[in-house]
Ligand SMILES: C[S@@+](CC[C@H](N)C(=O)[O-])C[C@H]1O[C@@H](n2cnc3c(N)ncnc32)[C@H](O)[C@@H]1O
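What follows is a single chain, given as structure tokens, in the form predicted on its own.
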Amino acid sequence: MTQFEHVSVMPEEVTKYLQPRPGGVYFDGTAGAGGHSKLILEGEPDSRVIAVDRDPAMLEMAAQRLAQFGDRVTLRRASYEDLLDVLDDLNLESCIDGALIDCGPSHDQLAGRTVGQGRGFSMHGGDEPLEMAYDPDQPRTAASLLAELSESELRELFGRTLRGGEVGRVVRTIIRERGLEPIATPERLTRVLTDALRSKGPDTGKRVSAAYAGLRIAVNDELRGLERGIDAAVEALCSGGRILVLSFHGGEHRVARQKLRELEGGPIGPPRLIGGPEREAKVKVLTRSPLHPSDAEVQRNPASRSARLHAAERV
């Protein structure tokens, strides 16, 4: 039997802001190992959850963990940006009462527990294939991007998570090394990145990890996908329904914050533009500053340290 080691991030805050109610229908945009879905289903015995994930192995783990809830939970292989299509396929014509988008990979994916051998998400992945794709069937992988992207494209990719002076060193080193031997495993990529970033001293490991994050974001088109996912969730919500986004790095924080504020409506363009066109107000933002995990949670689960919770209510 699968041993579930996944710990859901910010469970108390998710419950407080999602406000599950009896008979409500909720969307879990990243099923993972089923932790947040379980939280909703246990909290409101009459509630229903529709949970999606791009990784079929994660859906298997969620199915085991949520089996006790029977037909109150529906699992589908999809991305959160496909929410409206999923609801159509289920013939669910009514709106939903809440949506949660949990960004980034799960610890099970990072640790390689999902398929026996991991897919290269972690800098400690050794000789795993360097894929980093949540959907194992997609053709775009980390190895293919490193082999095919131009210098300018690589600069844009790593510029999302690395500092200015680091980007050039990393890109030059990758271009040099891929001409000698394909960069096809985490072991090789970690050596290449460490060589490029070793001047950072004790901080080198963190900077290598940041480069991995930039590559993973590109493989899965995560930032544009998050924008589309927020749009889809807001479109599906009932009036008074809530959307929550758990983000884990600067790029995700910015997209979640900016997108939700954009959906609040208001003037298009500079605030001083009197009489200009205005966006329709679709949500009311509930977290002007994103919430951080408590000190107690960070002690229990150090991986939660970078998490931020954004919440808004459909108007």
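The model shown is predicted, which means the values in this text are computed figures rather than measured ones. For every residue, the number given is its place in the sequence shown, counted from 1.
There is another form of this protein, the form predicted in complex with this ligand, and it is not shown here; the text below is about that form.
Trainee: By the heavy atom within 4.5 Å rule, which residue out of Ser122, Thr141, Ser79, Thr194 makes contact with this ligand in the model of the complex?
Mentor: Contact residue from the list: Ser79.
Trainee: Indicate whether Thr185 is a 4.5 Å heavy atom neighbour of this ligand in the model of the complex.
Mentor: No, Thr185 is distant from the partner.
Trainee: Quick check on Ala256: any heavy atom within 4.5 Å of this ligand in the model of the complex?
Mentor: Result no; Ala256 lies far from this ligand in the model of the complex.
Trainee: Counting only non-hydrogen atoms and a 4.5 angstroms cut-off, does Arg54 reach this ligand in the model of the complex?
Mentor: Yes - in the model of the complex, heavy atoms of Arg54 and this ligand come within 4.5 Å of each other.
Trainee: How about Gly104: is it within 4.5 Å of this ligand in the model of the complex, going by heavy atoms?
Mentor: Yes, Gly104 lies within 4.5 Å of this ligand in the model of the complex.
Trainee: Exactly one stretch in 284-292, 25-33, 258-266, 40-48 has heavy atoms within 4.5 Å of this ligand in the model of the complex; which is it?
Mentor: Heavy-atom contact with the partner occurs in 25-33.
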